[in-house]
Every structure is written in structure tokens, then in C-alpha cells.
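One chain is shown next in C-alpha cells, namely the form predicted on its own.
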Amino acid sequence: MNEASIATLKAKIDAASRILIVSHLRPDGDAVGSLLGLGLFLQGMGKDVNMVLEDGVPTIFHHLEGSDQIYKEPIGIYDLMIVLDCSDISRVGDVLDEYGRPDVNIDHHPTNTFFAHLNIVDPKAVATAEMLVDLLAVFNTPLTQEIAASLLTGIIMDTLGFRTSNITPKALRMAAALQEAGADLPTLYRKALIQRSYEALQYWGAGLSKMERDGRLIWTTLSLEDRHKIGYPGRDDADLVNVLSSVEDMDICVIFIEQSDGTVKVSWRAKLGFDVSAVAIQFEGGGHKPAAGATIQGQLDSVKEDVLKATRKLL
């Protein structure tokens, strides 16, 4: 992030009256937290803000103030369109199809494709929420408790509770500052990373029962049948991939989540020394070296075969 880009962003926000903010499909904590953090802040400036997630808000984030203001599609005309936490415009789904190229892209993924008119991308940031804390500081307005809680949730989720290899002293100091602004760190941590629904744990069980390995490569699948049988409401893996990544003698783990539209969502996790984003890019995905994802057209078994073949080459 450079001063010129930040100044341009501030000018765009100051000049806008009605603002659309969107983030990615199957939203995680950074997507939801960043969306709410920026949305609530702009509302505090008197802006008319529409926050949109095509897949809606996962139930584990319903406790965040303002989550009931997030809709599944935009309405009307906007002066400014901002996309958060998306490496590629396709990650937002269909919600921007009628609106054209976004005005602003704020993201921390190193595989970002710079798809907006103004692209503010910082791969060194641990989360898009971290970037927003810095960006919003230019308005010289203190963050409210609700905004701080949303942004802290984004940092907590994308660092797995400050445990990822890219955690920095800056991010830890920022978390402390957000706590000083009123965010309840212990409660946010518990709700984001520890507390799970009964259905989510059953979903984990379905995936764990099918876990396979080939040397230091581990993988599993979650089918539509698994989801429907259990009644799990989301289209994600309920963070099961992070459970797989805890296996002590694992280098790379992969999870395949079958979708109802004929695609398969693939998530990779890797230990230091491996760049799974390089594999994800082969399938038009992206992400970070230790954590990446892609959505691939095809049947579950054939996608699994192709992805595992490419991942074995990395190993």
C-alpha cells in the first residue's frame, strides 16, 4: 500500500454517497469481518452502504453487529463499488455481473489479478482486515467496538488464532489495539475457532472417515450426499481442512467439497517450504503459499484425480 493509492481511495470514499461492498463466495471470517468493518465505518460517515455476500453470512458470524445488514444481492445504482479479500473477480460470484468493473480492490493474496480500477494489494498483510485498520486510520475517526470486533475476527480467522507462519508483531499489536477499542478477544476467538454446531462436527466426521494418505500427502472429500444427510447448511468444509493440517507428519493436505452446480471446491494447506498457490493457479485458483483454493468444474472423482496428480508433482 502506497500513499498515493491510499489518498485516491480516501478521495473516492469522500466523493461517494451510495457504496456497494462485496466479498467472496463461501465467506470466511476475513471476508465477513472486513465487509462489516468497512461497511459499518462508512455508515458512521453517513454513507448509504450496501454489503453483499452471494452465499450469505455463515451462522458462526451471526453474533457480529451488523451481520443482519448483509444481503445476497445488490440493489440499485452505486457511486462506488469495493471488492474485499478476493484474488480474482470470479470469487464474488454473479453479484457484479450487471455492474461492470469494480472501482476498488482491497486484498492481501499474492495471486491477486488486479481486476479493479484501483488495486490496493498487500501480500505481507496477514488478513484484509489488517489492511483496513491501516486504511481507515487516514480518516482520523476512532473505531467503534462493533467495527473493532469485526476487524479482529478477520485477523483471528485468517491467522488461525495467531498461529500461521505469516503472523507478525504488527498484527499482534493491531489485535491489542482492537481489543483496547472494545473488541472482546476471548469471546471472538471462541466463537470463530472453537465453537461449532452439532451438524458441523457431524460433517467433520463424514470427512475424517474418508481421509486418505500417500506418504506426506493427506486428503479427503465431502460430497453433496454428506451435506444433505447431515443437514449442514453451508457450502464450505466447516474448517475441516485446518483439522487435516494438524497431522504431525503431513506436508500437504487437500480437501474436496462437492458443490450443487457441478463444481468442486478444493482447498490446500501446506507446511513451510511448499507453495500450494502454484498448484491452485493451475486450476484457475489462487491464495497464499501455505493456504490456497480453487473451484473446478467437473465430477468429484475426476477433479480429485487431477488435483492429486498435480499436488504430488509439487511434493
Ligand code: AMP
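Fair warning: this is a prediction, and the values are worked out from it, not measured in the lab. The numbering used is simple: start at 1 and walk along the sequence shown.
Heads up, the form predicted together with adenosine monophosphate (AMP) isn't pictured, but that's what we're talking about next.
A.B. asks: Go through 202-210, 219-227, 174-182, 82-90 and give me the stretch that gets within 4.5 Å of adenosine monophosphate (AMP) in the predicted bound form, heavy atoms only.
C.D. replies: It is the stretch 82-90.
A.B. asks: Please determine whether H109 contacts adenosine monophosphate (AMP) in the predicted bound form, using a 4.5 Å cut-off between heavy atoms.
C.D. replies: H109: yes, in contact with adenosine monophosphate (AMP) in the predicted bound form.
A.B. asks: For G286, is any heavy atom within 4.5 Å of adenosine monophosphate (AMP) in the predicted bound form, or not?
C.D. replies: It does: once adenosine monophosphate (AMP) is placed as it appears in the predicted bound form, G286 has a heavy atom within 4.5 Å of it.
A.B. asks: Answer for A292 alone: is it within 4.5 Å of adenosine monophosphate (AMP) in the predicted bound form, judged on heavy atom distances?
C.D. replies: Answer yes; at least one heavy atom of A292 falls within 4.5 Å of adenosine monophosphate (AMP) in the predicted bound form.
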